[in-house]
Structures are given as C-alpha cells and as structure tokens.
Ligand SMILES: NC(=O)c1ccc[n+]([C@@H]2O[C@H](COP(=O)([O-])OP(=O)(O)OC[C@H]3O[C@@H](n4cnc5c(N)ncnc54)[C@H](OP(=O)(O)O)[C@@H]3O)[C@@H](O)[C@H]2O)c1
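Taking the form predicted alone, here's one chain by itself in structure tokens.
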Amino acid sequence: MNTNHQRTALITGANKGIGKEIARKLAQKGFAVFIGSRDMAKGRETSEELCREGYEATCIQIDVTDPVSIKNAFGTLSQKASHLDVLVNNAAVLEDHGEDIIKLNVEMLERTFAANVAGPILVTQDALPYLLKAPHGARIINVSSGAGALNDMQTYAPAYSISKTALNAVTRQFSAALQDKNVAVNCVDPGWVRTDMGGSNATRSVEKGAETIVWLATDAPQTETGKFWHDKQEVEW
C-alpha cells in the first residue's frame, strides 16, 4: 500500500459541492481520500487544493455510468491502496426541474437512473474486494435525498425523486447482502444544500450537508446499517 494513511476513502462526484466537502472532512480526520470525478481536470484541481492544505488526496477519473470507467478507476486505486475503508456514492444528476411525471421524458429518466441508481450499484460491486479487506470493517454511504422519501412524496422532479427512492432500496439490498461481512451500508438525506444542484437559495451549507455522511463514515456505530438518515437521526423511508 503506497498511501501513508491507514484509512482510505473514495468519494464519487467529489470535485465540487457536497462531495468535495466530504473529502475535505475525511482528510481532516486522517483519511487518504480518492477524489472520484468524471472531469479529470476538475478532479485534479480539487485533489491539488487538498494536497496544498496538507492532506493526501488523489484524483481518480470515474464516470459512474460507464462500467469500463469504473473498472479502470479501481485499477488506479489499487496502485495506491490495498483496501478501502469508506465508499461514498455521491455522484448524481438532477435534470428535471419543473417537470411533471405526466409528460416525463423517458430518455431523461434513463439517464437519471444510469447515474443515480445503476452507477452506485456498479461502483459498489467493483469496490467490494477492497472494502472487504478493511481491517476494522467498511462503510458505504449512499447520498440520497428527502425527495426520495415515499412517506411525503409529491410531484417534485419525478425522475430524480424516483431514482433516489430506488437508491434507498439499493441501500437496503446491499445492507442485507453484506450484514455478515462487517460492511455497514446506509443512505443519507443531506437536506437542501447550496451547491450547483441545490442552487444559491438553498437553506444549508455544504458543511452541514456533509456532516451526517462524515459521521456515518467515521463515528457512527458499525452496527448501524440499512437505514435512512438525516441530521444523524434515522428518518422514514
């Protein structure tokens, strides 16, 4: 293992927004962080910024909608680390602002599911050999949304909302499949966060949005798995 740190984390979509803040917070806690980014130039910019701040950060090019890109990403990771302690499936798309399910564009729905549902499945599958080698158990956190909660779902962004409901189901499936492997799998609603996706009117900072995700990655009991979280509290599906 070439990294100088005992603990490692990969965050997809980490070149900006919540993902970047998660990477920074985990680096501050002593992790070597892998900055997963579809755009290599932006990913390098983020990793170099964190390195200048004194942390160990490595950019990994990864397009979560491309199985070959995912496999190549873990080939790159394997050159730096023998195991992975934390995987944060953060990369996602939101295209359907103001759309209505009655007129929902099927191609947009397919793109959304490729990034927000199939992507986390494929990334987790390829990450598992490294997660299972984590000496003290591993953690997978899927960045979901309150928009995906069925208990109060309305008409907002149907493709995005339904994809996040599906991601919650993916979380439950992986949690059940890995319950005897010492791998905790959870999903998080970070709230309405001021990012490119959330917009400038959002009520939360990226620091607040990242808080529960970082807690699940580090301080939450390893036995907590298969749950949906918001502000460190379990919430309704």
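Quick note: we count residues from 1 along the sequence shown, nothing fancier. For clarity, every value in this text was computed on a predicted model and none was experimentally measured.
Below, we turn to the form predicted in complex with this ligand, even though it does not appear here.
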| property | result |
| --- | --- |
| Contact residue in the predicted complex, chosen from A91, L109, L128, L122 - any heavy atom within 4.5 Å of this ligand | A91 |
| 4.5 angstroms heavy atom contact with this ligand in the predicted complex for Y160 | yes |
| This ligand contact at C51 in the predicted complex, heavy atom, 4.5 Å | no |
| 4.5 Å heavy atom contact, M197 and this ligand in the predicted complex | yes |
| This ligand contact at V193 in the predicted complex, heavy atom, 4.5 Å | yes |
| Contact segment among 178-186, 24-32, 197-205, 51-59, judged by heavy atoms lying within 4.5 Å of this ligand in the predicted complex | 197-205 |
| Sequence-ordered residues of 14-33 touching this ligand in the predicted complex, heavy atom within 4.5 Å | A14, N15, K16, G17, I18, G19 |
